[in-house]
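Next comes just one chain, in structure tokens: the form predicted alone.
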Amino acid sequence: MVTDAAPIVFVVDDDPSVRSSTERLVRSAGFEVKTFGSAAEFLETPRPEAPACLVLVIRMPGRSGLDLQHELAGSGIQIPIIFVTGHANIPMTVRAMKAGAVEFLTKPYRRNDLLQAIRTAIDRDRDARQERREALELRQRYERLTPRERDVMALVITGMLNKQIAGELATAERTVKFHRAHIMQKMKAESVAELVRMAGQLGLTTA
């Protein structure tokens, strides 16, 4: 089983005093913290493979927090974002939340509100990482099937019996049984119902 590294909180804020106070607060809760003075600095720095979240101020010189959120999404970089601002308005808040922000905090915010948002974001990222690992593993199992095994699997998940599959593929029933056993073994499926669920996760049709 893969174990995630220790979680990390990234803080992007152009105000040095705010960065320092946020870093002290987050470290006091037991999290590792890395701070950046701009969106560009954050983008240029390699990030470790660990559960993480981004505490991001909205208004900064150059790229704004919302610009950075949009750029990360466009690059396929998935990291939960907690926005912090002293100048919130409804359209800004709606835009951030619709784009997937975990929380939108308006200054002055309570310290516990930020820490709770960070815990929620870290948990969300940890779960998402686990789901991506499982999806990748499932895809790798499917890719280990032979072309014929994929043909058989496509019919098994529709509920066809071995005899019907044999007729459909113009082969012997015992050959279908052989392929079916290999499919269940390679996919690590304990039942047809589980195989159907896996097919759904892979985007395979049962129609």
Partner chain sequence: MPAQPYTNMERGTSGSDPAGRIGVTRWDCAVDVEEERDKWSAHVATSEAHQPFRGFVYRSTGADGSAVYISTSGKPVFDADGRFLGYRGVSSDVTAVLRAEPVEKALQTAQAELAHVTRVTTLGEVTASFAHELNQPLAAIVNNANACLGVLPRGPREQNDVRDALADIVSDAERASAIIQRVRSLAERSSSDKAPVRLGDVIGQVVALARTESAARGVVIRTEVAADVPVVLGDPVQLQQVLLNLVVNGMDAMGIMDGQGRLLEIRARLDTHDRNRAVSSRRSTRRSRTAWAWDWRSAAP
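Bear in mind that the values here come from a model prediction, so they are computed numbers and not experimental data. Positions refer to the first chain, counted from 1.
Only in words, not in the display: the form predicted in complex with its partner chain, which the text now covers.
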property: Touches its partner chain in the predicted bound form: Val18 (any heavy atom, 4.5 Å); result: yes
property: Its partner chain contact at Gly76 in the predicted bound form, heavy atom, 4.5 Å; result: no
property: Proximity of Arg59 to its partner chain in the predicted bound form, heavy atoms at 4.5 Å; result: yes
property: Contact label in the predicted bound form: Pro91 to its partner chain, heavy atom within 4.5 Å; result: no
property: Among 131-139, 68-76, 106-114, 93-101, the region lying within 4.5 Å of its partner chain in the predicted bound form by heavy atom distance; result: 106-114
property: Residues within stretch 17-31 having a non-hydrogen atom within 4.5 Å of its partner chain in the predicted bound form; result: Ser17, Val18, Ser21, Thr22, Arg24, Leu25, Ser28
